[in-house]
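Shown here is one chain on its own, the form predicted on its own, set out as structure tokens.
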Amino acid sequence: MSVLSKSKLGPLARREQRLALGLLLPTVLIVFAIVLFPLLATFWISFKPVTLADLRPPEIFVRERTRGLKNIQAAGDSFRLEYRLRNSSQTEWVRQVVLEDTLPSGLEITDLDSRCKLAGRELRCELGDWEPAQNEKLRFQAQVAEGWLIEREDPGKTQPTITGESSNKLLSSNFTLENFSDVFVMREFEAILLVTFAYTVLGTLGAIVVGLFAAQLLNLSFPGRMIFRGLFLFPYVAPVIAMAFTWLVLLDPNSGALNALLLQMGAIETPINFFGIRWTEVELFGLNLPIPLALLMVIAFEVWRYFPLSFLFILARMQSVPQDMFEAAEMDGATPFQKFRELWLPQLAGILAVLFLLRFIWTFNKFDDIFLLTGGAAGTRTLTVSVYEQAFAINNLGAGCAVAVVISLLLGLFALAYFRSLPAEEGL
């Protein structure tokens, strides 16, 4: 009977599975396209010698002007019709360029260029192949007839059209490895890589540790606990530009509140430019230790802004843990540290591992925080800032995409190492 039931339910279960996959397929394809297409486009451009200007295919710009037309009083008076043309590309040809325009009724061209033909009111000029950055003026002598004096229609009312054939560098078969060589020979590339990992690791661990401490604190029962939980979320939900501006104002060396407070306390003799000093020396145990001040301040901002996310995850996990074991441990005389090490950490290990993975990837790709605070100056330049500088500051789009590909490869290697280091689940 059981075998018969399974045989009857088998096809039904398979049909339900196919239906579920069919309903899910559009969503999967959309997400796949959204994620995969930009990644493939970035990978493709990283092997192309292109700049920002190459994103638009070469074209011929044209502007029409008349000289002397407004001063015409009688039929037969002459004026000059001009077309100013320019190849928009500095490196690419535009071939078989053709200019077409419709002249107003009552205007007659008396001096026609040899490359142009006039059929009634239709003007057509075959201008041939244009080299990069070529510009030219087409000038025609024209006169007005009696009918034009009534309407006085402006020739610029009808816009001329330009056609031509051009190649797009993005779709060409020209590939290069110079973009990647430019990345690896980039000035201070090793320092940028070190800053990126220092910023990512310290920012990730700091956000998790502070979030763990906050979760432990707000997991206790005390009056006003819900209010404090809401306040702890403020750094994460507030706009990043507002938070960055607030930090810049508070830590400003000239008018910042922190510098004023430290000066009044006698802790410092001169104001400190927290976001503008690459290295400074701090005396510790009789030793003058150099520290990267601007980088540490950017990391502090990262920790302060994103610890609420860790706090939420950890607090939710804490509230789902049964309290019986903690009560038993307390009766056995366990200290708070022993309870945290022996009971809390095993319960929180899974969520801490997930948080570390997510925060590492998000922090490694973080751009806006550093750009708003320092712009990548004073030793805070990371790989993501280098993407912006290569692609937009120095107009090398291919090199910028090459840096983005390097970031993707590094994150892929990290994710692979992370998942391989996880213990295998039972039954797998």
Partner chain sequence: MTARQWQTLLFTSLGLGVIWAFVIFAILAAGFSLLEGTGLMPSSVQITICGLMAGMLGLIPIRRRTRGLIAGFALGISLLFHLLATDTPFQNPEANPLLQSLGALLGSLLLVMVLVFSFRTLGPGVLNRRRWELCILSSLQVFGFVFFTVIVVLPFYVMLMTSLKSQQALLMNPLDLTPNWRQDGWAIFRSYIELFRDFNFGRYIGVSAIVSLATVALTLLFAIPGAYAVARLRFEGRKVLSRSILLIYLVPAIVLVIPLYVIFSQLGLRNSLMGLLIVYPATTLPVALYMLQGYFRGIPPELEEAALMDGCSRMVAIRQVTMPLSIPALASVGLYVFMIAWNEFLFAFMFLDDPSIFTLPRGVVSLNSSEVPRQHLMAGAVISTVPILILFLWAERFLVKGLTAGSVKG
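Residue numbers count along the first chain shown, from 1. Bear in mind the structure is a predicted one, so any value in this text is a computation, not a measurement.
The same protein also exists as the form predicted together with the partner chain; that form is not shown, yet it is the one meant from here on.
- In plain terms, the part of the chain that comes close to the partner chain in the predicted complex, with a heavy atom within 4.5 Å, is 226 to 234 out of 226 to 234, 157 to 165, 124 to 132, 271 to 279.
- Checking Leu358, Val98, Leu149, Leu177 for any heavy atom within 4.5 Å of the partner chain in the predicted complex turns up a single hit: Leu358.
- Taking a 4.5 Å heavy atom cutoff to the partner chain in the predicted complex, the contact residue among Ile109, Met325, Leu250, Ala198 is Leu250.
- Contact check for Thr246: a non-hydrogen atom falls within 4.5 Å of the partner chain in the predicted complex.
- Residue contact check for Gly333: one or more of its heavy atoms lie within 4.5 Å of the partner chain in the predicted complex.
- Put simply, Phe47 is far from the partner chain in the predicted complex: not one heavy atom of it is within 4.5 Å.
- Looking at Gln264, you'd find a heavy atom of it within 4.5 angstroms of the partner chain in the predicted complex.
- Residues Trp304, Tyr306, Phe307, Leu309, Leu312, Phe313, Ala316 are the members of 295 to 322 with a non-hydrogen atom no more than 4.5 angstroms from the partner chain in the predicted complex.
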